[in-house]
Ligand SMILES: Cc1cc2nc3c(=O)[nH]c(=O)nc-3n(C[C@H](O)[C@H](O)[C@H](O)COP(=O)(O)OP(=O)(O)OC[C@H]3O[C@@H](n4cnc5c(N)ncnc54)[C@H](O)[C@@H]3O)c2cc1C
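Consider the single chain below, provided in structure tokens and representing the form predicted on its own.
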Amino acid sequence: MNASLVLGRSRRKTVLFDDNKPRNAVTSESHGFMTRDGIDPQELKRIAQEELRKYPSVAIEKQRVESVNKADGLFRIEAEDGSVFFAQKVILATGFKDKLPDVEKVEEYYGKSLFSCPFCDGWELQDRPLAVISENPKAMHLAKVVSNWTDDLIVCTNGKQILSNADKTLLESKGIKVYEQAIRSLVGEDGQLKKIEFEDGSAVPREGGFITPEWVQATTIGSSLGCRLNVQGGIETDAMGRTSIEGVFAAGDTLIAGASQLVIAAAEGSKAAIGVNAALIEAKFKTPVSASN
């Protein structure tokens, strides 16, 4: 949406495809975006789309893109209703999907009392007894970060041996106990966590926490176009959002790089739109090849 705003203000004919199935659909509040801290994500989208309608060159298509192919310097974009669009440039802002840890009932609590980003939701959970639930080595880093918001923290690895002895010793020296036994279930009501039950019959009371989901691309459009990926599996770009494929740009969580926050995604959308403008302007003022050459 931010890329579309910049392109609209640049008088570029733009189509924004949005099927309204965002990664943060489970979230009732968005945080860290100045002037909109705590806003419902759908309300933020409504305001943004209302602003976009002021720009006559921007159209919003409320549907998915099924395929994007490049031929003769243009991109052929087919939408799910069968309609076809042609474009000189494409910005991929398709994001990623969360693959949650294999814990019973985790979906019931995700977005309500279990979250993935402490910078987004740590304030609301401050000073409560919390847990980091993780099945991968990211647990160590996340535990360090979450400790900023609470002094009552545990780490649960759900039966996985993901932490070194040195890591476990360091965590426990800071009062962070590590539970390596498998989790039987999460217990609570209305999405609010009350305790974690383990397969060995033990349990520990907790009021919320953070998890480390695996991130996978939400669509295969980038890979089908041949875009080079980074080590995290995100689409690789330069500072202006250009991918390895001429004419294809990418922004937001599609990059799977660094912190995943709304305000960062919006900024990257703006940069990608500026990159598109720069490419179109350079093409317009490209020195023509003389007949003698």
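Counting begins at 1, following the sequence as shown. Small disclaimer: the values here were computed from a predicted structure and weren't measured.
Below, we refer to the form predicted in complex with the named molecule, which is not included among the displayed structures.
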query: Close approach of Gly252 to the named molecule in the predicted complex, 4.5 Å, heavy atom; finding: yes
query: The named molecule contact at Ser30 in the predicted complex, heavy atom, 4.5 Å; finding: yes
query: Partner contact for Gln63 in the predicted complex: the named molecule, 4.5 angstroms, heavy atom; finding: yes
query: Leu262 within 4.5 Å of the named molecule in the predicted complex, heavy atoms; finding: yes
query: Region of this chain that lies against the named molecule in the predicted complex, out of 222-230, 51-59, 238-246, 263-271 [heavy atom, 4.5 Å]; finding: 263-271
query: Contacting member of Ala93, Leu186, Leu142, Leu125, with respect to the named molecule in the predicted complex [4.5 Å, heavy atom]; finding: Ala93
query: Among the candidates Pro137, Gly111, Gly159, Pro129, the residue which, in the predicted complex, approaches the named molecule to within 4.5 Å (heavy atoms); finding: Gly111
